[in-house]
Ligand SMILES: CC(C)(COP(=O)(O)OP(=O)(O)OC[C@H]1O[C@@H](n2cnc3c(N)ncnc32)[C@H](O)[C@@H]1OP(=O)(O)O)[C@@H](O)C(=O)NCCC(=O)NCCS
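Have a look below at one chain only, the form predicted on its own, in structure tokens format.
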Amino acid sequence: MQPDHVLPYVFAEPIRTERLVLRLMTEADVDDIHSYQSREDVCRYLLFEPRTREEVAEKVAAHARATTLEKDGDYLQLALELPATPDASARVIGDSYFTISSAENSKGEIGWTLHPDFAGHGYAAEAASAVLDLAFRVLRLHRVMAELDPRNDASIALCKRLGMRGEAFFVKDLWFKGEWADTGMYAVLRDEWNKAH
């Protein structure tokens, strides 16, 4: 059966979940995003070191322009906004990454980062579920994977909660922050996601 994915796709409107708004980043988000991307504990398992405010501003400007998924490497880096309440202003509490890893083979890759102050409340799972819905129900991709550091217990637990299966464990395959590190791979197929949801 030939891939039946729907590409290109332009992210034009925010995705609203029960508690979050997933949207393109804006310059107004820089301080919120810097508040977690500048932390050692947040960056421990990410491919970058803690960022300065200027570095975050540059990344946010680039991410704001990334709106189209069409070919390999195209990506969305969406802000996870907790809307305003009577007691608190709206703020960005994390971000969700999605890229086309192979248009030919109808594959995508997902990732996430969350401010530790908001961990443990299901926000990452809520956002990741919305992104997987986009991948499978809108884009009609065949498969989505997540590559992660096997020491990152929280991300592994989230993958399992999302119904992603562990498929590979690569031993010391990545030069990562001054040492050889392992890589874990988790994945789920569209048929599996649709059946479970």
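Small disclaimer: the values here were computed from a predicted structure and weren't measured. Quick note: we count residues from 1 along the sequence shown, nothing fancier.
As for the form predicted in complex with the named molecule, it is not shown, yet the points below apply to it.
Counting non-hydrogen atoms within 4.5 angstroms of the named molecule in the predicted complex, say which of 154, 66, 145, 30 makes the cut.
Answer to the contact question: 154.
Can you work out which of 124, 100, 76, 92 has a heavy atom no more than 4.5 Å from the named molecule in the predicted complex?
Spelling it out, the residue with a heavy atom inside the cut-off is 124.
Select, from the options 50 to 58, 146 to 154, 22 to 30, 66 to 74, the stretch whose residues sit within 4.5 angstroms of the named molecule in the predicted complex by heavy atom distance.
Comparing against the named molecule in the predicted complex, the contact stretch is 146 to 154.
Is it the case that 46, 113 and 161 all touch the named molecule in the predicted complex, with a non-hydrogen atom of each within 4.5 angstroms?
Yes: each residue has a heavy atom within 4.5 Å of the partner.
Using 4.5 Å between non-hydrogen atoms, is residue 84 touching the named molecule in the predicted complex?
Although the named molecule is absent here, residue 84 would stay clear of it in the predicted complex, with no heavy atoms inside 4.5 Å.
Is residue 88 close enough to the named molecule in the predicted complex to count, meaning some heavy atom within 4.5 Å?
So residue 88 does not count as contacting the named molecule.
Report whether the minimum heavy atom distance between residue 130 and the named molecule in the predicted complex is within 4.5 Å.
It does not: once the named molecule is placed as it appears in the predicted complex, residue 130 has no heavy atom within 4.5 Å of it.
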